[in-house]
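One chain comes next, on its own, written as structure tokens: the form predicted alone.
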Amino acid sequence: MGSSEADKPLRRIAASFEELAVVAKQQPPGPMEVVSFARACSHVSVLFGCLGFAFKFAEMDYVAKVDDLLEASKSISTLPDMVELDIQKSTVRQAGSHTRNMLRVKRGIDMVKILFEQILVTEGNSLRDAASKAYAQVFAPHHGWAIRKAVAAGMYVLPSKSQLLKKLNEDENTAKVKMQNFIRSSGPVILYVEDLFTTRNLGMDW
């Protein structure tokens, strides 16, 4: 018996971001639904779990922020609407605001995209270099010394590449295709979210 789709998280992640990319690449960009964005991002949570202790902080924070966006989707239909509501209430940068949480979730997607890019170009069975580069580019600038030190220690107990693929129920060839699909489709989605901030002069370095 073959594995079901439910056992293939990498496949779900790639497929859901391909759907979001269709909206993100429209000219002018269409209004991306909060529920579609949040559901796609929720599929990524399993990856942080598979990476173990080094990214436990990211998994907990990411899951909480995605859950908030899923809850917001019950009353707010699109991401632009969500940002505008926070602007009107002057709550954009407040802890717990939907816009702030979306920025944190976007960083999680950034990190996974860079991780996949690094996995695809890194020889050998270790994930340490790939994960370290992804963390350094995305999360480290926003973390204090204590978290950075804990993550550095956690890098020594990361699963190997083959162990990660086993957890994701993929072999090297199928994983490569799905990672490439995610890299290609997540790029426009990341740019779409960044555009929500830059066009409103909200900044993102906070």
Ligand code: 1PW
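Quick note: we count residues from 1 along the sequence shown, nothing fancier. Model, not experiment: these values are computed from the prediction.
Omitted from view is the form predicted in complex with this ligand, to which the following refers.
Enquirer: Do K178 and this ligand share at least one heavy atom pair within 4.5 Å in the predicted bound form?
Expert: K178: no contact with this ligand in the predicted bound form.
Enquirer: Quick one: does F55 come within 4.5 Å of this ligand in the predicted bound form, counting heavy atoms only?
Expert: Residue-level check for F55: yes, a contact with this ligand.
Enquirer: Even though the partner isn't displayed, in the predicted bound form is H98 close enough to this ligand, meaning a heavy atom within 4.5 Å?
Expert: No, no contact at 4.5 Å.
Enquirer: Residue-level question: is I76 within 4.5 Å of this ligand in the predicted bound form, judged on heavy atoms?
Expert: Contact with this ligand, no.
Enquirer: Could you tell me which one of L165, M32, M155, A38 places a heavy atom within 4.5 Å of this ligand in the predicted bound form?
Expert: Filtering the options by heavy-atom distance leaves M155.
Enquirer: Using a 4.5 Å heavy atom cut-off, which stretch among 166-174, 22-30, 138-146, 66-74 contacts this ligand in the predicted bound form?
Expert: It is 138-146 that comes within 4.5 Å of the partner.
Enquirer: Within 4.5 Å of this ligand in the predicted bound form: all of I87, V92 and L196, by heavy atom?
Expert: Not a single listed residue reaches this ligand in the predicted bound form, so no.
Enquirer: Just give me the residues of 115-132, first to last, that have a heavy atom within 4.5 Å of this ligand in the predicted bound form.
Expert: In sequence order, L115, A131 come within 4.5 Å of the partner.
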